[in-house]
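Here's a solo chain for you in structure tokens, the form predicted alone.
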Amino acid sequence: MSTGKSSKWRDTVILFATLTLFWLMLSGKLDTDVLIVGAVASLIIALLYRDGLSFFTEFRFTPQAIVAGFRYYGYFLQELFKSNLKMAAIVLSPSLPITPGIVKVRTRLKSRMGRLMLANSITLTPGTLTVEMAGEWLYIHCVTLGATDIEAATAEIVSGFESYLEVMYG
């Protein structure tokens, strides 16, 4: 069996297992009918999306990547907290100090999952929304537009997430 085929099947099995575990957590039951429905639904989704839907699809299973994963989530939660406070201050301000705009940033990430995680992290952070991904470019809508040139905006928005994702995904 070739490496490409075995890797694809490994990803399919990981996706199936992840979806099944998620189903079990959501259902909260271990009844036979619930297990069968969850397994069948998970299998169908895993087969339809065998090219990758799992967080682990392109994950590098190295000690450095695992440590970077924990640090990434810590950084994400920190940024989430700071952004929530910033957005709350904007909303509560009588003058509503916003300067909305779209900024173009560049990512060094090569893997699809790494770029997807970056785009989702930016979107999940209040005040920013990834509008489009085109190759190495991301177009991000910001409620309060800071830097407008590519290098400064990339450093401000992308660099923190990217440093961890690059170790995790490449």
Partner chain sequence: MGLLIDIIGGLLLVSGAAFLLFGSLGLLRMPDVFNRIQAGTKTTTLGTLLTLAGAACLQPAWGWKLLLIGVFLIFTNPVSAQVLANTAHRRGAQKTPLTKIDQLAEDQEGKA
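Residue numbers count along the first chain shown, from 1. So that the term is clear: the rigid core is the largest set of C-alpha atoms that superpose within 1.5 Å between two forms. The shown structure was predicted, so the numbers you read here are calculated from the model rather than taken from an experiment.
Beyond the structure shown, there is the form predicted in complex with the partner chain, which is absent from this document and is the topic of what follows.
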{"property": "Interface membership of residue 26, the partner chain in the predicted bound form, 4.5 Å heavy atom rule", "result": "yes"}
{"property": "Distance check, residue 128 to the partner chain in the predicted bound form, heavy atom within 4.5 Å", "result": "yes"}
{"property": "Contact of residue 9 with the partner chain in the predicted bound form (heavy atom, 4.5 Å)", "result": "no"}
{"property": "Heavy atom of residue 104 within 4.5 Å of the partner chain in the predicted bound form", "result": "yes"}
{"property": "The partner chain: the contacting residue among 124, 67, 35, 44 in the predicted bound form [heavy atom, 4.5 Å]", "result": "124"}
{"property": "Exceeds or equals 2 Å, Cα of residue 19 between this form and the one not shown, core fit", "result": "yes"}
{"property": "Core-aligned CA displacement of residue 30 at least 2 Å between this form and the one not shown", "result": "yes"}
